[in-house]
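Below you will find one chain, with nothing else, as structure tokens; this is the form predicted alone, and questions on how it binds or moves follow later.
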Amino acid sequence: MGGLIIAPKARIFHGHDWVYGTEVRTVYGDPQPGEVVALKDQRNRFLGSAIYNPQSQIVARRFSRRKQVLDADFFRRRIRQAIEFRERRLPGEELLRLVWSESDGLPGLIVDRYRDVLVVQTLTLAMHLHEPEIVAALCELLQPTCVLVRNDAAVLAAEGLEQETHVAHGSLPPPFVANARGLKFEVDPGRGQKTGLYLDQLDNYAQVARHAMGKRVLDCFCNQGGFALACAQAGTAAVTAVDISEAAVESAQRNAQLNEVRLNAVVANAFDLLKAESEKVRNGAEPKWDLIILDPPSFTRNRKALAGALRGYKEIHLRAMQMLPVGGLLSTFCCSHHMSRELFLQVIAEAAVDAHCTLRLVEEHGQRADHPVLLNLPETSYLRGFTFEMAPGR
């Protein structure tokens, strides 16, 4: 086994599992891309086993603190452990993330379950090379009718991999209906965002909907309509769902029919809509909505994009606050680990200052339990959400 000598003060000495190229002092043994390497300090002390890819900025990702190989037994054991964790935390769910990368000791491997269909992403070179063992373990442990490998994420370029999608087991069914916490969704694993649905938000739909009874709700960046559907089911006065994607709005409308609820689904740029409607209220019009939900796609794919993202987040929050009456509610979410909880709150607070309003925290939201957070890997904590009330004082 080849290996890497890690430079002093690298983050791995503080518990992190990633090694960047700038943190490598020496490469020995001629390891090949995608292979397992030993990590050692300058005194030749063993730090763990990692998957290696010199083309990536993250050249090594530790997956064990022991000497370990990637074989059929390893994948069977780690995937079984991931499944058992979900069975304890979220038993009986039809929609579930079964494996989530580093959080399950399988860097770059994602497995989502949509009833008896599994959607797999291998986003690191090592996981890509071991796809046969991964698929075999999934079939043995879960007996799925279909395993779809959907490697269409932009992050593949960092690993030197091409985007591709193929059926690795069984046959891909036509779109079907699955249940999640009382909501029905039309699922098409070969299309849609991520692997088909935003599974990390499923619990938050119900949490926000608890505040929606009798209210007029605006769901911005609605995608398949999860928040809008949950709010409509909870007994709102009216629900408007907005997304720039015509396909997403059509999906939200079909999901509304499945759940036998009514919503007004609109194809529009949420930025433009928020700006236009906030101007009306500022010019004396009565507010149209009592609860506004902001769940935009990530504005911060990397740290270089953070400054622009901050402007975008501040803009939509400022506009939403200007549109709400005293007592109105704002539920807002951010899905990038580059945006810390503190920074996200700072942006919201700055928008509140410019909107001349006072916010009262009602509830804090996070990612679902099938997206577990590792204490030593802050990147695994990425989904932040808050519900605020517009307090008196305007």
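Residue numbers run from 1 along the displayed sequence. If you're wondering where the values come from, they're calculated on a predicted model, not measured in any experiment.
A second form of this protein, the form predicted in complex with ligand SAH, is not displayed here; the remarks below concern that form.
Q: Taking ligand SAH in the model of the complex, would 55, 105 and 124 all count as contacting it (heavy atom within 4.5 Å)?
A: No, none of 55, 105 and 124 comes within 4.5 Å of ligand SAH in the model of the complex.
Q: Looking at 236, 101, 255, 223 here, can you tell me which has any non-hydrogen atom within 4.5 angstroms of ligand SAH in the model of the complex?
A: None of the others qualify; the residue that does is 223.
Q: Considering ligand SAH in the model of the complex, which of 268, 167, 306, 285 comes within 4.5 Å of it through any heavy atom?
A: Flagged contact: 268.
Q: Is there a heavy atom of residue 205 no more than 4.5 Å from a heavy atom of ligand SAH in the model of the complex?
A: Close contact exists here: in the model of the complex, residue 205 approaches ligand SAH to within 4.5 Å, heavy atoms only.
Q: In the model of the complex, does residue 201 come within 4.5 Å of ligand SAH, counting heavy atoms only?
A: Yes, residue 201 is a contact residue.
Q: Applying a 4.5 Å heavy atom distance criterion, does residue 296 contact ligand SAH in the model of the complex?
A: Yes, residue 296 is a contact residue.
Q: Hey, in the model of the complex, is residue 243 touching ligand SAH, heavy atoms inside 4.5 Å?
A: Answer yes; at least one heavy atom of residue 243 falls within 4.5 Å of ligand SAH in the model of the complex.
Q: Only one of 77-85, 114-122, 149-157, 243-251 gets a heavy atom within 4.5 Å of ligand SAH in the model of the complex; which is it?
A: Looking at the partner contacts, the answer comes out as 243-251.
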